[in-house]
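A single chain, nothing else alongside it, follows as structure tokens in the form predicted on its own.
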Amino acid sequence: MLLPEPKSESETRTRPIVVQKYGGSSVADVEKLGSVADRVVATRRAGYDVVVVVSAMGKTTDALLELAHQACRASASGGTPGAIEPPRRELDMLVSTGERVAMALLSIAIQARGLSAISFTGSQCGIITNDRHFDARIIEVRPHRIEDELARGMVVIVAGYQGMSYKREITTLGRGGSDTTAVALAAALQAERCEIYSDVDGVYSADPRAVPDAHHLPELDYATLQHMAESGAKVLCAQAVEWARRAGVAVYARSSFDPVGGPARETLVRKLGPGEEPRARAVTADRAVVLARFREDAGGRALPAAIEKIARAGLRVVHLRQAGDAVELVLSASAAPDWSETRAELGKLCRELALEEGLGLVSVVGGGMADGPEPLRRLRRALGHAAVEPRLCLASALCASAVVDAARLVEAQRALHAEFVG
């Protein structure tokens, strides 16, 4: 007699899965960790299996990075030639400890409240990355161990921001990497939803600290939020939004400081419904932008070499234009650990290199930004009224941007918000 094949975990599951991610401000101290534990317990008792992804507590990652730089400086000042930058592999070994502290403490707090919980590092729970250090990308998620523990009734706590390369090296995912961990796990586990908790109650049409008229956005589509993240918005990282878009994961951005079970605002990130059209939704700002111009060499080697250096340093190319041997790049250095070394290396690679620093990028994000010349005309007019002179204007289907002096970013944001969104 043939026996029936065993059912998969997803086929036998009766409790839906919720993945929750808590940022550093949400777990900054033991009291806040306790509040997070209360929220997790309430979610579990509401009938869900819960997977929790945590960032390092408070400013732990920044403090660890500063220790690494102090170690380099101490070696150099002692007469021993020291590295300009700490080795990236060792940075991964160092900063990945921050999330391990948070995950263990949260597991302890949940168990103290009467639920079973277990904590895992990124490698233990099956986050597989490429072999880059300090800005790795997830290439595969193998959540079998998580599924086993959920089946045993456990709440599973995962260290965000980290994984293991296919070479079995500890890697970290760059700024915002805990968001990516959470959404990638939600996709792999076929979770009902992914909840991203921070110190703000969702996404706003601009940074409220810069634009007092900024308003809360109850819903956003994936493409708009991804452009916002790439243009400087901090609520969710762009790589996480890309994972959500590909897998169709519903993402809820919430505040961890709202009362558990009480009324709260949130932003739902989802696919556009039938008949819905994207429109200008928000204004974003990136405060660390560099405008680079140089001459390509006769062999065409300078630009590819420069792009490789830029990528390895964690900078993002916002704009690239080449006309003959003249090359123009707009670079975002907001996620780069240190721009100074890359600046020196580009000077050796690129002929007639001219760099403008102290710049920012202000962007209007939403639909219709490349529909003829009118959006750019409105952008320039609004900046002109605010006496902000753009160095460069750029446009794509979902984004119109201007490179301006970083000191005038607030005025630029307010002017564009009033023109396009307010």
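When you see a residue number, it is the position in the sequence shown, counting from 1. Keep in mind it's a predicted model, so treat the numbers as computed, not measured.
Below: the form predicted in complex with a small molecule, not depicted.
The small molecule is not shown here, but in the model of the complex it comes within 4.5 Å of a heavy atom of residue 202. Proximity of residue 197 to the small molecule in the model of the complex: non-hydrogen atoms within 4.5 Å are present. Contact check for residue 269: every heavy atom lies farther than 4.5 Å from the small molecule in the model of the complex. Although the partner is absent here, residue 234 sits close enough that one of its heavy atoms falls within 4.5 Å of the small molecule in the model of the complex. Only one of 123-131, 226-234, 288-296, 240-248 places residue heavy atoms within 4.5 angstroms of the small molecule in the model of the complex, namely 226-234. Residue in contact with the small molecule in the model of the complex (any heavy atom within 4.5 Å), chosen from 207, 135, 92, 149: 207.
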